[in-house]
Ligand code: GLU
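In structure tokens, one chain follows: the form predicted on its own.
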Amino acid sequence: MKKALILTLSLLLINSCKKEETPTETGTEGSTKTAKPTAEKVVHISIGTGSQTGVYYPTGMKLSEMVNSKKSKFNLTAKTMAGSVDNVQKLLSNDIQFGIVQSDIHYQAYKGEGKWDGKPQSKLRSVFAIYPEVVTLVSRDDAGIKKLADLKGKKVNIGAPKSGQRENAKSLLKFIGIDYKKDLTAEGLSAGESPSSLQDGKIDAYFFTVGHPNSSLSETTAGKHKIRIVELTGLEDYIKKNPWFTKSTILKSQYPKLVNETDIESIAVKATLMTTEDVPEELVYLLTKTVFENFDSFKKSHPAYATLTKESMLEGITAPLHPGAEKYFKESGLIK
């Protein structure tokens, strides 16, 4: 059963951080002496990421490294999860305290839409946005897929259950009138399984919502079959309906072995760091301050952060800021 009887995280942290009462010892002649106080207990914190082939996992690892370098009472560990939906669900059950989530999934959960239809998750909070995640449709060139509508009748990996890319795929297919259950053979593979399945001919294409450049995609283009990234264009009405999406471009130069001859147009959401109102202000403030005061180190840790600025990390946020993050942003002058 789920941890229905677990205390809220706030109480857990408070209790785990308490120092033991200082005992007294009686000497041989009736005198007393004070025992040395015990060391402050370490509070173990988890951040939900995604497949190790994506950007979520190295992002979580870098955040953990940065926080743990401060030698505070908090120890942060990155955990591999199924993706955005899974991270939201684990946040709500207090199985993790932070999670990296697509901004569209974040919005739907907070507002009570999509998988949370009619059940707004008002305890969710934003910490900061990170990088753009581009909806990337990857296909074998010999599958003849040059536009979204060409997926009809094909074998397509729409993404693992509880992943953000699965929700993106379902939403886009529905928008253009394709029923993923009837009009194509839909697979539910993880992001890590997709490249080999494509090259082995088990699928014709796969969706991958990810920051670029991506190492697993580079490996995919190096296989025996020529690979194309399918342009996702003509989606202005879709963007109006789903305003957390923006137009985006995948650079051909990032994947020189693609059959594409030019840059590829697509759409993107933001990867955002989320938490809940139960997580103490002290912890969220520490994480936020550590990242922003060591911004250059964070930015250089992954190619997907190439265009990152401090200001852009406050854009694309779809739920209220956690008080700990808001405190730092006000102190630093990033918000008024």
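Residue indices: 1-based, along the sequence shown. Fair warning: this is a prediction, and the values are worked out from it, not measured in the lab.
The discussion below concerns the form predicted together with the named molecule, not included here.
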Is residue 131 close enough to the named molecule in the predicted complex to count, meaning some heavy atom within 4.5 Å?
-> yes
Indicate whether the named molecule has at least one heavy atom within 4.5 Å of a heavy atom of residue 48 in the predicted complex.
-> no
Might residue 157 be said to contact the named molecule in the predicted complex, defining contact as any heavy atom within 4.5 Å?
-> no
Heavy atoms within 4.5 Å of the named molecule in the predicted complex: does residue 194 have any?
-> no
Quick one: of 55, 279, 268, 273, which gets a non-hydrogen atom within 4.5 angstroms of the named molecule in the predicted complex?
-> 55
Residue stretch of 131 to 139, 181 to 189, 235 to 243, 70 to 78 approaching the named molecule in the predicted complex, non-hydrogen atom distance within 4.5 Å | 131 to 139
Residues in 244 to 259 close to the named molecule in the predicted complex, defined by a heavy atom within 4.5 Å, in order = none
